[in-house]
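This document starts with one chain, in the form predicted alone, laid out as structure tokens.
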């Protein structure tokens, strides 16, 4: 695959939050129709439809697997339909699957994510996410959960780098500033550092506002070849370089809790694109917990190790700052839509580079780096995107 061979031409997104009256199909259909409208194409130009797994939504996943989406959307010329799943890394996997279809002779591929956590009770959600990504033999019996994992890494990172918990908390403040500019974001109220630090303790040192909140939501994007994209839209968004790394199954078995595998993945993406961190206008980081935002930001080359906390605390990543980060508010403030957090960031990345990000628009954005990862931070996938091919 050559640099800039494929492009995204349209995106769609529904409001994120708690919508118990909204079905998976309604979420998926609306996101898909918005993406089709945004691209300005006829739906029957689409000949591949890929759905992304919904966490705990087994009935919906079965429906997608057996061809629900193209039929429901009324797409008449579909050749291929499938369900794609790799946890939080699914946004990368579904994009790679779309590229595979385009290589095999498809003309245009629609990728759709839909998540509906509101169909479950708080107890079911707590149990599901207490066990997800944790070893059933060596971690869960001892009280391990995702919040405990995030807290453990935060403690270690602060110890090793001298970063303060307040600096970690400033990541949440920056995320909320961006979410306030997003019409589809779940959280609509301003958030101060004092509120972050003073909220209920969940797992030391993580307070309630330092943990993400599950939400219903969905998004979609349409991919085609760069050659075809140039004929269809004024500003296609090109995939310029990618890098991926896998580290571990369980975080407690990782070689280093505070050095996940972002750096080699990011370096690979930069090398393939012919660009570097100094060329990036935005960093879209899928982290879910603020400490991982700091770690990934450093590994992407924007700060030396241990310096990201001060950089965030000084306001550099907020709207109007030197280096915008997570311009939709990410899982911390936009809302955690299961496997869809990375997809939402990808959709926001395309909007930014097309100049369609509304109040959150970063002026003159040309290139950015985005990442996603799955499980207990087991893998990292980075991509450099741009509205031109350097």
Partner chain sequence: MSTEYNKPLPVPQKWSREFWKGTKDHKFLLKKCKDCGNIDHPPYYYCTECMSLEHEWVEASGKGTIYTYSTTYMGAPPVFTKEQPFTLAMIDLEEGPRMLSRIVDALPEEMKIGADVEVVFEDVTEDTTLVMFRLVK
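Bear in mind the structure is a predicted one, so any value in this text is a computation, not a measurement. Residue numbers count along the first chain shown, from 1.
There is also a form predicted in complex with the partner chain; it is not shown, and the following applies to it.
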**Message:** Within 4.5 Å, heavy atoms only, which of 193, 126, 82, 181 is in contact with the partner chain in the predicted complex?
**Reply:** 126
**Fill in**
the partner chain in the predicted complex has a heavy atom of only one listed residue within 4.5 Å, and of 203, 225, 161, 86 that residue is 203
**Item:** Per-stretch contact check against the partner chain in the predicted complex, the hit in 260 to 268, 103 to 111, 283 to 291, 153 to 161 (non-hydrogen atom, 4.5 angstroms)
**Value:** 153 to 161
**Message:** Test of understanding: in the predicted complex, would residue 75 fall inside 4.5 Å of the partner chain by heavy atoms?
**Reply:** no
**Request:** Give a yes/no on whether residue 136 approaches the partner chain to within 4.5 Å in the predicted complex, heavy atoms considered.
**Result:** yes
**Prompt:** Taking heavy atoms only, is residue 145 within 4.5 angstroms of the partner chain in the predicted complex?
**Reply:** yes
**Item:** Non-hydrogen atom contact residue 118 with the partner chain in the predicted complex at 4.5 angstroms
**Value:** no
**Complete:** When the partner chain is considered in the predicted complex, the residues of 40 to 66 having a heavy atom within 4.5 Å of it are none
